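In the form predicted alone, a lone chain appears below as structure tokens.
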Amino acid sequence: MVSEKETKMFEDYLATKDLKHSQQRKEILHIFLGIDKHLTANELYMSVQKKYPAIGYATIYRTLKLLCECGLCRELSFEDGTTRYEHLYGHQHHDHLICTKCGRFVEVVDPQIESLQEKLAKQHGFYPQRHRMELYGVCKRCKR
């Protein structure tokens, strides 16, 4: 579900870049934010095509770039070489568990891990700006 804040955030960003807030961009935004998983550009394209077949792949890709620039999503590149996009706005920081067999992603949050990372940075006089933790392995479904 897309909030008014997300829509306004996107519209404001487009205005600062002197870009038009087209109906196509609006539809892509709504579909992207309505899907709660890490999407590839192609997966988003396929979802958009079901409802709006006139929207092309280049428009999807350019809109994803704008969504990243304005802070509504971010691009993720994992070991499989596939670029995926995840929602950012209103989502707390999280790390990922990634199955190397089926490709399933699990978002995890652990305050102890976050605290340990802060402690390590402080011990070394390091001032982190951002971080990502990815654990690769086999999920319990694939293990069976």
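Each form is matched to the other, and the largest set of C-alpha atoms that superpose within 1.5 Å is called the rigid core. Everything quoted here is computed from the prediction, not taken from an experiment. The first residue of the sequence shown is number 1, and the count goes up from there.
Absent from the display: the form predicted together with another copy of the chain. The rest refers to it.
Contact with another copy of the chain in the predicted complex, judged by any heavy atom within 4.5 Å, is made by just one of A41, L88, I35, I98: I98. Remark: of stretches 111-119, 22-30, 42-50, 58-66, the one touching another copy of the chain in the predicted complex is 111-119 (heavy atom within 4.5 Å). Looking at A15, you'd find every heavy atom of it more than 4.5 angstroms from another copy of the chain in the predicted complex.
Contact between V106 and another copy of the chain in the predicted complex is found at the 4.5 Å heavy atom cutoff. Within 4.5 Å of some heavy atom of another copy of the chain in the predicted complex lies at least one heavy atom of M133. Interface residue remark: K140 is counted as part of the site for another copy of the chain in the predicted complex, having a heavy atom within 4.5 Å. After superposition on the rigid core, the Cα atom of E118 is displaced by 2 Å or more between the shown form and the other one. In the core-superposed comparison between the shown form and the other one, Y136 has its Cα shifted by less than 2 Å.
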